[in-house]
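Just one chain follows, in the form predicted on its own, and it is written as structure tokens.
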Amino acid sequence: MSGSLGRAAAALLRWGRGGLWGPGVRAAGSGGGGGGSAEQLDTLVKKDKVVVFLKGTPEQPQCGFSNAVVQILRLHGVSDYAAYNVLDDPQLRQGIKDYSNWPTIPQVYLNGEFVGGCDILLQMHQNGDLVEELKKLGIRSALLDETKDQDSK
């Protein structure tokens, strides 16, 4: 399975922008001014099972790293998550960095816990850990179905 994951990750990095999304992705607003307080951020990261702070939106990421995170989630069939565009609110952008003590965007949270950025999510994708973490959230990775389909051929 890891060979398949590695090829898929390489394809993700070559793929570039775009991709179609199902109805579950919620591009959530920052909630206006003051979106960077620790209390507000704590509420945002715990509100949904999967939360992503990115540059742009899932439909139109504004940087390659944000795009990679969106595509990794798409590859796993994760379509129900909250996405917050940090470019809409400078207080949110700085606030989430302070909240997580992580200097870069995008940032991914699973079940209220900070996972990391693009590099961490890509590593989890490549080594299979993301499949397991999603399973803990009750989310079945689409890659499991793809692998099963390939095995039956």
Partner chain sequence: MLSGQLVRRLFSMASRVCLARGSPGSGTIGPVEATIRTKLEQALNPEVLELRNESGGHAVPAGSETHFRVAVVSSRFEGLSPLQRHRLVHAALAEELAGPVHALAIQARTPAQWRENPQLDVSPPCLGGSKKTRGTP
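Residue numbers count along the first chain shown, from 1. Everything numeric in this text was worked out from a predicted model, so none of it was measured.
The form predicted in complex with its partner chain is left out here; the points below concern that form.
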{"query": "is_contact(G116, its partner chain) in the model of the complex, heavy atom dist at most 4.5 Å", "finding": "yes"}
{"query": "Exercise: P61 in contact with its partner chain in the model of the complex, heavy atom 4.5 Å", "finding": "yes"}
{"query": "Interface membership of K49, its partner chain in the model of the complex, 4.5 Å heavy atom rule", "finding": "no"}
{"query": "Contact label in the model of the complex: Q123 to its partner chain, heavy atom within 4.5 Å", "finding": "yes"}
{"query": "Every residue of Y81, G112 and E132 near its partner chain in the model of the complex, heavy atom within 4.5 Å", "finding": "no"}
{"query": "Heavy atom contacts to its partner chain in the model of the complex at 4.5 Å, residues of 89-108 in sequence order", "finding": "R93, S100, N101, W102, P103, T104"}
